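Okay, so we've got the same protein chain twice, two forms, each given alone as structure tokens, structure 1 and structure 2.
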Structure 1
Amino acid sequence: MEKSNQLFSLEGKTALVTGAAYGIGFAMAEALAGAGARIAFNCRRQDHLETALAAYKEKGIDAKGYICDVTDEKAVQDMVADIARTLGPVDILVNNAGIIKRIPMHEMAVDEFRQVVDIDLTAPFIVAKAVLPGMIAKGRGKIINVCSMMSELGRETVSAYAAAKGGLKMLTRNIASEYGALGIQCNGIGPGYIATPQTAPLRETQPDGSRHPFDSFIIAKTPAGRWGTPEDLAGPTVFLASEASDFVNGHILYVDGGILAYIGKQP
């Protein structure tokens, strides 16, 4: 294999993508498989697992799926141990599982805030902590945390999510700082606004048949003039999972169609 192609090869590598039953995680896992990685993924719901396994199989991917809540440290440790036994120690971790609650902060219950932070920030810590010993033993590893526009920007109703994703940006930088000398790179991917079930409420056609106001807003704020698709994240994921990014560490790679660079289309 030519050196340039080898740079992006994941042959012989084991990847764990959390929350990869559908959406962004599924597309990331598909991309990693396309570069040669063995795939493990998890979710909470049995119906999601079964649908996902069939979808991976349809794409020729022999993914190993787990029912595992990423906030449950013991369940995560058991899953990571089983992956090591069956597929090999995790070489590539994508902390993708996440939720959002869109509630005005003064109306949000503290338990709702805690649940978002637990899944979107504490869980990436839990899963990264579970895979780090194997990466340290190998002297190499790739951790990719799925951040967000809200790692940089706030907006109404997403206080818990922005706090968690802002924290995830700094957790990414701290893992990079603490483990870079051991051959481990930790970076973030910050998707822009991507068309998945998570953002479906923001794109619903209005009763009068018009576009959702937020849909129009994002189109005007995005130089690319469109919502992203999960597939837009494929290349960046393979890059950060491969030796092509061995000297990239602590970086948040925004895949946003240019939102963060743009003041927005004039009215």
Structure 2
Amino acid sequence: MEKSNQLFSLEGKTALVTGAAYGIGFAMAEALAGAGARIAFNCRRQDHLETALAAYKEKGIDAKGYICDVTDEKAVQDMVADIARTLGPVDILVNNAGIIKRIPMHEMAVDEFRQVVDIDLTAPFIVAKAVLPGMIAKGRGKIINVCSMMSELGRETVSAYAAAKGGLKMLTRNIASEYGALGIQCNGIGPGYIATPQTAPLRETQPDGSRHPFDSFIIAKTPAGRWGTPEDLAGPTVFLASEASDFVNGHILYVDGGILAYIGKQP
């Protein structure tokens, strides 16, 4: 058992989780810290940074936080250099930062489309590029890109998001292809519908006591019969960050309760 547990140990490792001030990113960072990793994270606002640092402290995690726009290559390079100086070179990168704009495609401004692609696809390229030299020098490293079911499926109003997340799936596979021989694994996690404060309005009970229509839709499409929780991502995150996944590369692990495997119930 001890040898098995050691496979998943992240003791002595430094992890950078982008956009991990709250929500899914926070849960993933918490899981990595629980396995022994030192945690660095970024966000874009001082108030979010202060709230996040307090939340990490409450969990017993001595995280190092940065105000950093992950679409700014110079700012990212400076952040990664400071992490190397203070915590050690990044061993684990989780590209979690992202946005979504739900706008019908024919109504979406080009600048809105570009903003989503810039944050959800170009930024993971920028951050991965910044940490790769250190990983190459050590001959090992783990990159986890937070993809989406929209890496595989389309849906109304999410043209930019689906395009970016589909691109992120292929960036993941290409990083694996290009750097796998150097001891670096790059994989993706594709969360299903996760119960967070941001999705709470979609799960509110209606005045007549019924489920919210979107809540009913998700439950009907999910073989597990429930929304996921941030904690459901903990095990997959630690697995892909640890030695247990050293021969797993270019894979997208969908943590979706079975949605992508299910055609749905017959009407």
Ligand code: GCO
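Numbering runs along the sequence of structure 1, starting at 1. Model, not experiment: these values are computed from the prediction. Between two forms, the rigid core is the largest collection of C-alphas that superpose within 1.5 Å.
The form predicted in complex with the named molecule appears here as structure 1; structure 2 is the other form of the chain. Annotation: Cα of residue 139 displaced by less than 2 Å between structures 1 and 2, core superposition. When the rigid core is held fixed, the Cα atom of residue 199 travels 2 angstroms or more between structures 1 and 2. Relative to the superposed core, residue 209 undergoes a Cα shift of 2 Å or more between structures 1 and 2.
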